[in-house]
Each structure stands twice: as C-alpha cells, then as structure tokens.
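Okay, so here's just one chain, in structure tokens, the form predicted on its own.
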Amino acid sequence: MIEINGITKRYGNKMAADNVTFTVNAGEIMGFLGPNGAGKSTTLNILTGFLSATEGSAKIDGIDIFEDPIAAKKKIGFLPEQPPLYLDMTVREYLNFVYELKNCRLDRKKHLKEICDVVKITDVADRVIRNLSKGYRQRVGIAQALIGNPPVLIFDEPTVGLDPKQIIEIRNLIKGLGKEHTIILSTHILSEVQAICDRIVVINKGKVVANEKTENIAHAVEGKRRMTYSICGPQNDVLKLIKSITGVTYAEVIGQRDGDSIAYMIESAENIDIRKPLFFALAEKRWPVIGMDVMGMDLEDVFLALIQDRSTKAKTGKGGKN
C-alpha cells in the first residue's frame, strides 16, 4: 500500500533523509520511531507531498506522489503534529470546509455524521474549536483526515500534550481505525507503539536502522533469542531433548516452578524460532509446557540501543533491515 524507495533529502551539506526505504502493507499499522531531528517529519512530509525529495520515490497504492500528486493525495488522510484547525470555526463548519476542500463526493450529511460518531465529537459539533480541550482538538484533526475515506492514514505525534486518559482514548481510536485503514503512526511514546503497531521502523540521523515486526523488534539489536520455559517432566531427559532441537545453542535448568514443573533457560541461534519444534517434541513425550517467557530488552532498551549504536553500525557497514 505504501512504498518508499531510496528517499533522500539534502539541505546543502545536511542530510535530513538518507536513502530511506520501507513498505507498509495494506491493513498494517506501522510505528515510525526516532529521536528529535532523526528525519521522521521530513520523511512524512515527502510521503504526503508537502515536501520534495532530492532523490528516491514514494508511492501510495501504486501512485507516485511526485508524478501524480493529486491522485496520490486522495489516498491519504494526514494529521500533522500541529492539527490544521481553524480555531474560529465550529467543528461542523470546519469539517464542511474540509469536505469541500477535498472535493469529496460521498453523501455529505451521512459521511460527516459517521466520522463524528467514529471519533466521538458529535456532542461538540456546534462548539467553536478554540474552546475545545486539547484532546477534542486532536479528535477533530483525526476527523479531517478521515474525510473522503482515504485508505491510508498518517498520524504525526497524535497524542503529544494529552493527559493519560486522552492518550488512551486516542490510542484506542487509532487501533480501531487500523481495522479498515493502513496507518503510519509517528510517536515518541514507546508503549503506544507496542500497544498499537504491527511493525516498527526506527530512523536515526536520516537512516533506517531497524524495520521489524513489533514482536521481533528486539532482534534488531540482539542476535540471539533467550526464553524461559516451565516444563513438567524428568529434568535430565527434558534438558537433553531441549538441547537436541535444531537451533538451540544453549540450555540450562534455572529452578523449580509451580509444583512439579522445572524452569529452563533456552537460547536459540540468530533468526531461528525454536518454539514450534520444541512444542511438538515435548507434546510427543507428553511433557506439558505450563509457562513460557521471552527474555530480552523491552522497546525502550531496543530504541536506545539502536540510536546509540548508529555510528558504530555505520562504520562497520551494518544497519537495520530496509
């Protein structure tokens, strides 16, 4: 649905985006992470047609944003970090204005009502935007992005400045929208990414340093996977079986758990998932698994490791997957 290939943006000698490449599949919610000045907003502004690129291409549903910007923009609903609101308008007036601006052809009354219901702003539809809380203004910003029912939604810091309750509400709203839209979510709130996103792309100093499914993001900095299993069965035999599984590089007993179960720490080789073969091998022996945990970094640790190791990776020629 979204294809970014080799996007580069130079300002003199400064590289704001450096060969940025990634794809977002239809129906996927992608988290776009990076420290301040990493190139996130530059990339999003290029993708949405607000900024030109020095090199590279960006396509929305197969339409090149540089070759046919009008057609491509019809596929996009964009909420920038500062929502483009007219504060002296009422919510209803503003949404009607955006409807006309986008030259929308859907049934106006029905379409705008559906949007107001989805983002839960029906009760403030006749209030002046200036008098709304920050949370409601963000909802109005999301509403304008939904006008025309674009297949792609791009949100740049949608929860910045909100209180915890408002953050949860906006997070749930975005997660719900992900059922019918392809979404890019740029945010600094790491827990938000873990709760919402299917895939995470991390950018630092203009370069993509990681591109992984959310559950696999730790592999961007960890070559090996460590897990703890609680298994019921004869200790020596279970340990021997675990070590026989292809891909297991190390295993040890780490203690007694939950009655007759024993805890084992298991380490697997890079890019090898031993969970399924281990499950079937244990099931064949009728040794039940009553618990399993993945050991490793949380998203905050991964994020810090990625942005701190960027210079080292550049020198060795190693980087994130594109």
Partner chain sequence: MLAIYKKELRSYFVSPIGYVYVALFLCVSSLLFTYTTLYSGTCEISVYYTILLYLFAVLIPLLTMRSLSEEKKSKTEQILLTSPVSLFSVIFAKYLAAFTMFAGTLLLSCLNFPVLYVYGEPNTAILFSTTLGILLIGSAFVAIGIFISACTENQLISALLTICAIAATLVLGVLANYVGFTPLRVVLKWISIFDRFYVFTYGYFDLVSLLYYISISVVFLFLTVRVYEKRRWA
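Numbering follows the first chain given and starts at 1. Bear in mind that the values here come from a model prediction, so they are computed numbers and not experimental data.
Omitted from view is the form predicted together with the partner chain, to which the following refers.
Peer 1: For the chain seen here without its partner, which of 84-92, 225-233, 201-209, 241-249 has a heavy atom within 4.5 Å of the partner chain in the model of the complex?
Peer 2: Going by heavy atoms within 4.5 Å, the stretch is 84-92.
Peer 1: Between the options H181, K74, H111, K175, which residue brings a heavy atom to within 4.5 Å of the partner chain in the model of the complex?
Peer 2: The option sitting close enough to the partner is K74.
Peer 1: Which one, L51, I254, A26, V294, lies within 4.5 Å of the partner chain in the model of the complex by heavy atoms?
Peer 2: Selected residue: L51.
Peer 1: Is Q144 close enough to touch the partner chain in the model of the complex, meaning at least one heavy atom pair within 4.5 Å?
Peer 2: Answer yes; at least one heavy atom of Q144 falls within 4.5 Å of the partner chain in the model of the complex.
Peer 1: According to a 4.5 angstroms non-hydrogen atom cut-off, is L101 in contact with the partner chain in the model of the complex?
Peer 2: L101: contacts the partner chain in the model of the complex.
Peer 1: Just checking whether F279 would be counted as a contact of the partner chain in the model of the complex - the rule being heavy atoms within 4.5 angstroms.
Peer 2: Although the partner chain is absent here, F279 would stay clear of it in the model of the complex, with no heavy atoms inside 4.5 Å.
Peer 1: Taking heavy atoms and a 4.5 Å cut-off, does P80 contact the partner chain in the model of the complex?
Peer 2: Because a heavy atom of P80 falls inside 4.5 Å of the partner chain in the model of the complex, the answer is yes.
Peer 1: Honest question, do R137, Q166 and I196 all end up within 4.5 Å of the partner chain in the model of the complex by heavy atom distance?
Peer 2: Contact check failed for every one of R137, Q166 and I196.
Peer 1: Need the contact residues for 1-32: heavy atom within 4.5 Å of the partner chain in the model of the complex, sequence order, or none if there are none.
Peer 2: Contacting residues: K9, R10, Y11.
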